[in-house]
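First, one chain by itself in structure tokens, the form predicted on its own.
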């Protein structure tokens, strides 16, 4: 079993090449796709005159702030526009697929963040309402395994639900890593708009688990967050995670043949 996480820039610029690779991959093994698309959510929000909001954590990580209006757009774009675009393109490639979100089943149960600490432009901290973002706490493996057993490629939008039935925005990388851990997948591929983990201008070909902490201060907050999630996934039993460019022809084939950065337990 393999999970492929497709970032938003890859969806916009190179989706057809990615999905062709997945159509080949799916001939021999079970495949799960987790997609992002925050940049597409931002575009649609602006068209609807809803200005997206972003906040910065004390550790320097910038993330989308999801209020009630933004949640409506997020669910519409992620579970609707992007998810069904991927399903339709897979169908054109003669691939059986089914598009769902983490709220279906539900597959992903998350805890809503009641409050979050943010830092303003002057570096001052303050506490604000957490909005409609969540941290995944539980995975329902049964539904995914049943769909895979029926021969479907499962396409998952990064939406979760809490125990009160509230829909929540959850990070796509978080979804991919937690699903990889829960399902004990052999390989997780994260396709992004860079060649891999870049330190001092060079792409690292391989990172061992015990090297991650020393690398974190040398990379940007987006990649920093990815590595922290990947570290937990590998500690939970995922054999190998690959961060690679999704903007080239045959991106998955190249990733499996050694392109990008490999992160392994040993």
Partner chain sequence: MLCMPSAKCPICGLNVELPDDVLPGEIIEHECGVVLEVVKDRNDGVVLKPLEGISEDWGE
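Every value quoted in this text rests on a predicted model; they were computed, and no experiment measured them. Only the largest set of C-alpha atoms that superpose within 1.5 Å between the two forms is called the rigid core. Residue numbers count along the first chain shown, from 1.
This protein has a second form, the form predicted in complex with the partner chain, left out of what is shown; the following refers to that one.
- Comparing 101-109, 140-148, 185-193, 121-129 against the partner chain in the predicted complex, the single stretch with non-hydrogen atoms within 4.5 angstroms of it is 121-129.
- Shown without its partner, this chain lists 61, 209, 198, 206 as candidates; in the predicted complex, only 61 has a non-hydrogen atom within 4.5 angstroms of the partner chain.
- Proximity to the partner chain in the predicted complex, taken as a non-hydrogen atom within 4.5 angstroms, holds for one residue of 79, 116, 71, 95, which is 116.
- The closest heavy atom approach of residue 90 to the partner chain in the predicted complex falls outside 4.5 Å.
- Looking at residue 162, you'd find every heavy atom of it more than 4.5 angstroms from the partner chain in the predicted complex.
- Within this chain, residue 133 lines the site of the partner chain in the predicted complex, having a heavy atom no more than 4.5 Å away.
- Although the partner is absent here, residue 57 lies within 4.5 Å of the partner chain in the predicted complex, judged by heavy atoms.
- For the partner-free chain shown, 169, 170, 171, 174 of 156-180 come within 4.5 angstroms of the partner chain in the predicted complex, judged by any non-hydrogen atom.
- With the core held fixed, residue 126 shows a CA shift below 2 Å between the shown form and the other one.
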